[in-house]
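Here you get one chain, nothing else, as structure tokens; it is the form predicted alone.
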């Protein structure tokens, strides 16, 4: 098991290093100049050169990359060009919204998808199965930002049950804060639940045909007990794969949803930073999102080994 984890951790570190290089190079070739974005196109040349020196933009690209990475490794994420505060403060403040939003959406996704997937597999080629397949097809076809707008029109404009956007903050109380995240979480979870329900259904149907399932039924176990005790665990490997990828997609998907619902989260921060050419914030936030994706995949690999010991034996 330790060798399995060591190999996965080495892959984790290499992927993060590659992501940092790609992020830096992409931002380097983007048109525009942060100094001009801050001072304006008609800025005094001496003030422009002084600001470039202050921001470190006059240094070679390699030196800027090494300085950035060494700062990230020591916890120094730099100072935002736009807000003139440490980027770490901005990120921590916004993560307090984005992470709970993604977790709520993921919880909704798992509960709905696994329930529907099991139900569809247990009623294969029946009305219930067809209903789940229709739902999943519609869920995949509808963009989450458009679905979010529909939710606002229905529950905020017509029914008045929820606010149309904004976040009161956790200081306002747990329920008001969670209530403001429910509609965005539903908008994020719908597409992911539709995909995961189809994967769960297919995996369960494939597992149901195994010999050990027929043996369990022959011993007198009920259909429900067989599904929960024998089928579900063995069908979880492809489901866990998709769950890991989906959580990463949920973190990235908040960029759009947070702008639809005017939520001051990490996604809205990176959107504003791109608009303001605040490259320090953009680099740090994009690298953080990439790190979250890699961490999720690392956790998924460990979960594989727990669910199916054959995987870690294969890598030993």
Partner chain sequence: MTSRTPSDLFLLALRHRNLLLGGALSTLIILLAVISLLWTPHSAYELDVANKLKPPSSTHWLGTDHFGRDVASLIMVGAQNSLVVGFVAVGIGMAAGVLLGLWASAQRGWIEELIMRLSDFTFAFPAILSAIMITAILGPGAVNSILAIGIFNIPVFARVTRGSANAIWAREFVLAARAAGKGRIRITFEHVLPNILSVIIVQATIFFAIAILAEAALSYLGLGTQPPQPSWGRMLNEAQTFLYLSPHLALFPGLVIVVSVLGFNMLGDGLRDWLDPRLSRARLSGYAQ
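This one's a predicted model, so the numbers in the text were calculated from it and none came from an experiment. Residue numbers count along the first chain shown, from 1.
Keep in mind that the form predicted together with the partner chain is not shown, yet the notes after this line are about it.
When contacts are judged by a 4.5 Å heavy atom cut-off, residue 145 counts as touching the partner chain in the model of the complex. Mapping the unseen interface onto this chain, residue 152 counts among the residues with a heavy atom inside 4.5 Å of the partner chain in the model of the complex. Taking the partner from the other structure, the partner chain in the model of the complex has a heavy atom within 4.5 Å of a heavy atom of residue 26.
Though the partner is left out of this view, residue 141 does reach within 4.5 Å of the partner chain in the model of the complex, counting heavy atoms only. Think of it this way: in the model of the complex, the partner chain has a heavy atom of just one of 88, 241, 82, 137 within 4.5 Å, and the residue is 137. Partner contacts here mean any heavy atom within 4.5 Å of the partner chain in the model of the complex, and among 198 to 206, 171 to 179, 89 to 97, 71 to 79 they occur only in 198 to 206. With contact defined as any non-hydrogen atom lying within 4.5 angstroms of the partner chain in the model of the complex, the contacting residues in 268 to 295 are 270, 271, 274, 277, 279, 282, 286, 289, 290, 293, 294, given in sequence order.
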